[in-house]
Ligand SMILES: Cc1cc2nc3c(=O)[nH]c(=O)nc-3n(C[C@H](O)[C@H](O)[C@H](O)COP(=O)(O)OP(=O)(O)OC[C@H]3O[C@@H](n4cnc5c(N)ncnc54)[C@H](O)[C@@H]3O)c2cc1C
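Next up is one chain by itself, shown in structure tokens, the form predicted on its own.
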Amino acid sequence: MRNDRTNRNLWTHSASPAPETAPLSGDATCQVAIVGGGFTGLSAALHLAEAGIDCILLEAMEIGFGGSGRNVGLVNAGMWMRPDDIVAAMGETVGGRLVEELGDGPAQVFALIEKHAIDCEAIRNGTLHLAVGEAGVKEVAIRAAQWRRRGAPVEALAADRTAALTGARGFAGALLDRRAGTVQPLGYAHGLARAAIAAGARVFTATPVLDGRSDGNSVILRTANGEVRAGKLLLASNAYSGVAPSMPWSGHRDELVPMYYFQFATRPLPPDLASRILPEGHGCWDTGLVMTSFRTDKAGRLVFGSIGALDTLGRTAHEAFARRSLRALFPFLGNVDFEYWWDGKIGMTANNLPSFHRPEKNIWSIAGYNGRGISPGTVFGHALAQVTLGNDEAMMLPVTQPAPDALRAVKSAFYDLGAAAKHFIDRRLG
């Protein structure tokens, strides 16, 4: 995984080892080919292999190279949109089913972790959506009411209870979702890959797809060292679809707006300080206009993140903002040193919901998780596996046509520059 002057990823340092893989060498045939070695592709490969299907997964870099190995590690229920808004956008039947199945997503994730004994620092004590100001209190109250109407074990917390569960200053309340939890995300990806391989899936890394074609009955994918001929194809590269610029059937590449999210991780904190931060192991994110998140890892590091890229322009502003934020949230920490820092791309869609395409009769593509990758990726990967087995009803999203966004580059730059500007200003007087 990328480890240069702008990225030193904690997850690559602390993840359980990836299974041994190699590039494709020579031609191969299979029933189902999968492009993308993140949560979606790995979940699909695992479920297909367990069903006795001969499948090949091709990953351009290495397992979890994209968002799966760069995210915060929050195993949240649903999408970030309110459940009622999803139903309003998609209709009661489709939207209601999507809310229900993604609401149960964390259960599927943690069941796989238990079933396959995946070593990924899994904690299922819930997550906290932290309220910033009165507007934030209203937001989490609305979300709590909507989820409770659906029977979800969520609770809106007052400021004092929020302070006790976070150890942080400045939040006016929170939504505690007990369905959710945290994982070491790259460790989870490695575990899915190991389980898929054990079940019979063939996984090839460092194998970008250079181009592809269909002869009506089969899909042929060309790589540098051989071709894969498959009866069916699943495209699951999401925000990293641009890794194979000449890949056909990749309508998602032109409709997703890339948004970067960065994280900084401290050195392991002394036990007396670490015990005062998130004592029950919750992961957190807030209702701020430019969202921030924080959590801890098994070693006692504090991991802080927000929107923005760690490029030449943004790195200084984002790092300074992270330091100021941690001083404001946890004054008892004093000045902290960062041991790790990294960023990754999120695939944003125009309607803030995932999109599901079927460019040909035997090809399916899904992308656009809008910052929610772990649970949806796992759930959608399972659904994709079922679809290739002939169960079209397994996918809870409707098939849509790609909708290219001519302004995607402008929007991506706006996210990046806007976040850098806000982080340059924020908390300077705090």
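In case it trips you up, residue 1 is the first one in the sequence shown, and so on. Keep in mind that this is a model prediction, so the values were computed, not measured.
Omitted here: the form predicted together with the ligand. The next part is about that form.
Should the three residues Val35, Pro208 and Tyr261 be counted as contacting the ligand in the predicted complex, with contact defined as a heavy atom within 4.5 Å for each? Contact check passed for all of Val35, Pro208 and Tyr261.
Considering non-hydrogen atoms and a 4.5 Å limit, which listed residue (Leu74, Ala193, Ala131, Leu186) is close to the ligand in the predicted complex? Result of the distance check: Leu74.
Any chance Gly344 has a heavy atom within 4.5 Å of the ligand in the predicted complex? Yes, Gly344 lies within 4.5 Å of the ligand in the predicted complex.
Would Arg372 count as a contact of the ligand in the predicted complex, using a 4.5 angstroms cut-off between non-hydrogen atoms? Yes, Arg372 sits close enough to the ligand in the predicted complex that at least one of its heavy atoms falls within 4.5 Å.
Using 4.5 Å between non-hydrogen atoms, is Ala236 touching the ligand in the predicted complex? Looking in the predicted complex, residue contacts with the ligand include Ala236, since a heavy atom lies within 4.5 Å.
Hey, in the predicted complex, does Tyr240 get a heavy atom within 4.5 angstroms of the ligand? Yes - in the predicted complex, heavy atoms of Tyr240 and the ligand come within 4.5 Å of each other.
Within 4.5 angstroms, counting heavy atoms, which one of the listed stretches 387 to 395, 401 to 409, 22 to 30, 56 to 64 is next to the ligand in the predicted complex? Every other range fails; the passing one is 56 to 64.
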